[in-house]
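Shown below, as structure tokens, is a lone chain in the form predicted on its own; questions about how it binds or moves come after it.
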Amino acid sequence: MRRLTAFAPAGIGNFAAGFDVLGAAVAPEDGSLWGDRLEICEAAETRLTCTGPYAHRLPDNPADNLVLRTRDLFEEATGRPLPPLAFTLTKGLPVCSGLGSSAASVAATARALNAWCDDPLSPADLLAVAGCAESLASGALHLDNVAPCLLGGLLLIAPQGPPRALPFPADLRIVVASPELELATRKARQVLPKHVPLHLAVEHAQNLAAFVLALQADDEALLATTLRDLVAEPWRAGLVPGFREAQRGALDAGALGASLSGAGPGVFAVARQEKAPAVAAALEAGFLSTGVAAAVRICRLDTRGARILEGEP
């Protein structure tokens, strides 16, 4: 019986400096896979089975699951009916975590279906399908989560054309804290202001431009000044107990910057490799100081994005 398994990694939306236009896919430094897996195989009828540590948080009705909704959008995009398939989603990312959970399910499904059908969709068309599917969960079309999850790397969502990969210093690590909290992206977007003052719009544009320049020029000092979220974090910080304590601890431990991962409640910090363990401990301690447990991982960029697993554990 024909079958294949796709994997899509965890991700960080916004990446502090770029609300809705920057995103990164991440992988634990120890080489383990952190994300969602989707297996598909031939079947007499289409069905979905969910397993893994966070399967219990998924919709009870399979028709509401992003896997089957992505399947429908993929079929529509190709203009060809798909055969009956059995889908098994191993949910490795917590729901409403700010770690690209919905994007990972969507990206793994899109990659798996494209491979199953001998790649009828181009990368751009596949990203369009994934973006539409992910917007069903987030309530708005923005590619900063699903693009890096699908394509890998640290991406800038350009106004025209495909997302653009940005360089990232090899000696820096991305330390990610996943607190035992949930915050739906829809709710986190509702607290944002409808209008941004002119002075803040100018400062945000200045900061984002400097962030991109810092990476291109490998200017760590400049990078440290730009790892900040001027647009969303001030409004969302109060939705995440322990965030400010964790952020302050990470900066005191030597992080170049720390902010919410996506809409939160996840938090990430950027640090030099030698300081990453201390930053990880500080993030965990910051959340614990308010009674919130958090799992912390030291990560690198995942430059591969969603892929078909062949011989990987």
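Numbers for residues come from their place in the sequence shown, where the first is 1. On a predicted model such as this, the values are computed, not experimentally measured, just so you know.
Although it is not shown, the form predicted in complex with ligand HSE is what the next lines describe.
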Check whether His204 has any heavy atom within 4.5 Å of a heavy atom of ligand HSE in the predicted complex, and answer yes or no.
-> no
Ligand HSE contact at Ala263 in the predicted complex, heavy atom, 4.5 Å | yes
Distance check, Thr226 to ligand HSE in the predicted complex, heavy atom within 4.5 Å | no
Tell me, yes or no, whether Arg236 is in contact with ligand HSE in the predicted complex, where a contact means a heavy atom of each within 4.5 Å.
-> yes
Among 44-52, 255-263, 282-290, 61-69, which stretch has residues with heavy atoms no more than 4.5 Å from ligand HSE in the predicted complex?
-> 255-263
If we check ligand HSE in the predicted complex, which of the residues in 162-194 reach within 4.5 angstroms of it by a non-hydrogen atom?
-> Thr185, Arg189
